[in-house]
Every structure is written in C-alpha cells, then in structure tokens.
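Below you'll find only one chain, the form predicted on its own, shown as structure tokens.
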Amino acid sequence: MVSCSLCRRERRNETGFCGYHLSAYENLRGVFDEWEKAVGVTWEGYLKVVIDREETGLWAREVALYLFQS
C-alpha cells in the first residue's frame, strides 16, 4: 500500500492523496478558478487565504499548506 502524502491512508491515484485529501484538493482547485476570474488572485495568494481562514476545514488546510510549501 502506498500512503497519502499527508496521512497514513491509502493513496487514491497519482496525486499522492487519499480520498479525503483528494476531495479537498479538487474542491480547492475548483474554487480557485472562480476566485481567479472574480478577484484576479494568484494560486499562492489563494492558498494563503485558505490557510489563514478559520472556516477552512482540516483536510483543505492540510492540502493548502502542502501545496503552498511545495
């Protein structure tokens, strides 16, 4: 079994994430497209906002931190 890049769960595909983190990643990507069109934010700027918001869920924050640091 190959583990998720962020936890010990089984990795779902080539993204390196388990199902939970993969779902969070897909949601982050989808919302970014809307933010980019509406506000003109960069990917890094968007990730920073996601990381800093209290409302951000655990899995989304973990993915955003991982991507921001990559």
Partner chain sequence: MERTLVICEKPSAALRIARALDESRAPESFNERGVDYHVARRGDEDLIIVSALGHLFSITQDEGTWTYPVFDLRWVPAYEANKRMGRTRRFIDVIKKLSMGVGGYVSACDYDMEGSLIAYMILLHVCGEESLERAMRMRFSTLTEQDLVRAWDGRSPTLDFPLIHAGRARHEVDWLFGINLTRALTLSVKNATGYYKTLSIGRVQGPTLNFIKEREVEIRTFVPTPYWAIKAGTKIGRKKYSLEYVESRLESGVEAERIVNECKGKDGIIASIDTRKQEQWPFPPFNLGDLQREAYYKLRYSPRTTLQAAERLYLRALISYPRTSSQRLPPSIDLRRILEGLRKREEYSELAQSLLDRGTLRPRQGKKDDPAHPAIHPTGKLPGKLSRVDGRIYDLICRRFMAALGDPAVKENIVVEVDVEGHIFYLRGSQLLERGWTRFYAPFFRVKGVVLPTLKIGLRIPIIEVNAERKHTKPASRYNPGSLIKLMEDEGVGTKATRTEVVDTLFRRGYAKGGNIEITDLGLAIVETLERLVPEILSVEMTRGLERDLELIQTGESDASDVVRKAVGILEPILAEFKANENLIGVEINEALKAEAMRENTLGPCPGCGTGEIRILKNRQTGKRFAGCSNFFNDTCSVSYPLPQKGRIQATGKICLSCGAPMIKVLQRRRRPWRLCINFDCPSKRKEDQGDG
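Residue numbers count along the first chain shown, from 1. Since this is a predicted model, take the numbers as computed values, not measurements.
Although it is not shown, the form predicted together with its partner chain is what the next lines describe.
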| Quick one: does residue 44 come within 4.5 Å of its partner chain in the predicted complex, counting heavy atoms only? | no
| query | Taking 4.5 angstroms as the cut-off for heavy atoms, does residue 15 touch its partner chain in the predicted complex? | reply | no
| Taking 4.5 angstroms as the cut-off for heavy atoms, does residue 48 touch its partner chain in the predicted complex? | no
| query | For the stretch 29-43, which residues lie within 4.5 Å of its partner chain in the predicted complex by non-hydrogen atom distance? | reply | 31, 34, 35, 37, 38, 39
